[in-house]
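In structure tokens, one chain follows: the form predicted on its own.
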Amino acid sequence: MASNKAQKIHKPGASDRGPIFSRLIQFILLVALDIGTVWFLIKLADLGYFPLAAAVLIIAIFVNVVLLRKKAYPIRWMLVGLVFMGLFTIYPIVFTVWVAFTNYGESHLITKQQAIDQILNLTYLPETGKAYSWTAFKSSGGEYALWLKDADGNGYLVKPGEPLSQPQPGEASVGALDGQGIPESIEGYQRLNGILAATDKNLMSIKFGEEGKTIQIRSPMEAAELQPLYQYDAEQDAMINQETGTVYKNLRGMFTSSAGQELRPGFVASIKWTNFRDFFISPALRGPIVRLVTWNFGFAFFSLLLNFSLGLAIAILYNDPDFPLKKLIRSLLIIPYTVPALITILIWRGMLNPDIGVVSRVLESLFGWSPPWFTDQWWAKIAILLVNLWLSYPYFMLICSGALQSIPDEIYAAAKVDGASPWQTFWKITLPLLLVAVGPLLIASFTFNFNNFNLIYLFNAGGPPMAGTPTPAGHTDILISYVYNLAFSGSRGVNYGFASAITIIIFLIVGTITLIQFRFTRMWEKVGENV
């Protein structure tokens, strides 16, 4: 008995050192990861990327909690996926919402402090300031010095952070002067070629001399005692022009004078609900927005109606078991669905080209006229619906064919016995039962076409353009293509904040359509139960 008890007593050994060593390695790796994260956060903060820094900090805290708490052990297996989901899915959504409440875009791309620093770097030559001709010298360590000559021919030596001095020629630091009054050598420095020095960007940005009385190169021939042109007043939150006394107050991320003059660059600032208010009530945007929203819903509705109708008609036609060669014909009809949409859209764009397009040339030869597919707003819309019909009818043909196969033949036989006509059979039996199966897919198709950016952008980029709109837009633009133009097309004005606001509105519209989907799906299910 005693020997058995002795065998049960646990003795520490190599088996204990294994888990301890493993945990120690994990802890060291976690500490190294945290150090790297802190360094990265400091860099992001210095650059002014505070939203991204906040997201990285939250993710880092989450990783530490998961790895250090035993109760969170099961989540460790999903940790990498959760981190990537946070960075590439959740963070972009949160960032888009944040941008929607700011003026982010065009001249408002940097932080306020970065904008202030850039404006304070602007200089001017006061009335009491002197101008000099200059010659540059450079040390082996990359440091610069200037030899200056004023209008009276006096020579001066100046270095960054040191006061202006007037050494005598022949001193230990300054060699003898040449015929132009420039030292042949300066101790520790090598004289630079004038042409190369004038093109040296580093040299042009250096401020020589002491703080408050700096000398800066203005041109290849002149250096001058420059002073900061602007001074920042934190109490007024304004920039003051030292030369004219003009006050530029902060107005929605741009320092602006009472006369409307602006100092660039601007900076990112919160403007609250302005972007959303502009979308709904701004007179400048009301014209294009109303027409864009109307066409957006019209495009999605008519695309769904035409595509589903043609697909269903073909499915019913080839659902007849006695139809000849139906397998071969079905296979040929599926071809448009197998070709990438990118290629198909470009092919249709070429075929409808008014000059060399085969469709336009055939219509021209038969009727002496072809529609202006790209210049008339209504024909452009018809062309887009036509191309979308070609792209989408095979999909509806496939799903309708499968749904028709699931309807029992006994129901049709009973309807025929009751004397129902083919039209009555379609409306009272086929369509209700079909919608039970394909109803959610119809709503999903409507949602897809509501955001069908590829078709609009690749076919005619939203053209033809609308006339007299303050924000450029096209007659066939939908909201998503309009957002793209606002956010990324410089010719149409870069306004990321307004584009983000419209994106959120589109999300709410699509979300509403999705909720409606569930309601109609339940309605179709009840209809199907009563058939």
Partner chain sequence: MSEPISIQPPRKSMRKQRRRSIIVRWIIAIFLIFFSIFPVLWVVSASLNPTGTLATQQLIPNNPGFGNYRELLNLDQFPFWKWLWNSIKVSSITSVLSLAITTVAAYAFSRFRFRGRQTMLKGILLINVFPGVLALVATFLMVSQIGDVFTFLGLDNHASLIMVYLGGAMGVNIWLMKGFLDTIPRDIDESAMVEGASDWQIFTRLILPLLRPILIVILILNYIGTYGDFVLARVLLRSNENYTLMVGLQIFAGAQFSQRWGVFAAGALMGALPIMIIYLALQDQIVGGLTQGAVKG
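Given the structure is predicted, the values throughout are model-derived calculations rather than measurements. Positions refer to the first chain, counted from 1. In this text, the rigid core denotes the largest set of C-alpha atoms whose superposition between the two forms falls within 1.5 Å.
Here the subject shifts to the form predicted together with its partner chain, a form of this protein not shown in this document.
For the marked spot (Leu82, Asn319 and Ile343), a heavy atom within 4.5 Å of its partner chain in the predicted bound form is present in each of the three residues.
Though its partner chain is absent from this view, in the predicted bound form it lies within 4.5 Å of a heavy atom of just one residue from Val38, Ile61, Ile28, Leu47, which is Leu47.
Interface residue among Leu333, Ile429, Leu363, Ile119 relative to its partner chain in the predicted bound form, by the heavy atom within 4.5 Å criterion: Leu333. Exactly one of the stretches 138-146, 90-98, 222-230, 292-300 approaches its partner chain in the predicted bound form with heavy atoms within 4.5 Å, and it is 90-98. A residue is said to contact a partner when one of its heavy atoms sits within 4.5 Å of a partner heavy atom; Leu24 fails this definition for its partner chain in the predicted bound form, lying far away. Taking non-hydrogen atoms only, Arg218 never approaches its partner chain to within 4.5 angstroms in the predicted bound form.
Contact annotation: Met351 falls within 4.5 Å of its partner chain in the predicted bound form, judged by heavy atom distances. Interface membership of Phe267, defined by any non-hydrogen atom within 4.5 Å of its partner chain in the predicted bound form, is ruled out.
With the core superposed, Trp423 shows a C-alpha displacement below 2 Å between the shown form and the other one. Core-superposed comparison between the shown form and the other one: the CA of Pro465 stays below a 2 Å shift. A displacement of less than 2 angstroms separates the C-alpha positions of Gly402 between the shown form and the other one, with the rigid core held in common.
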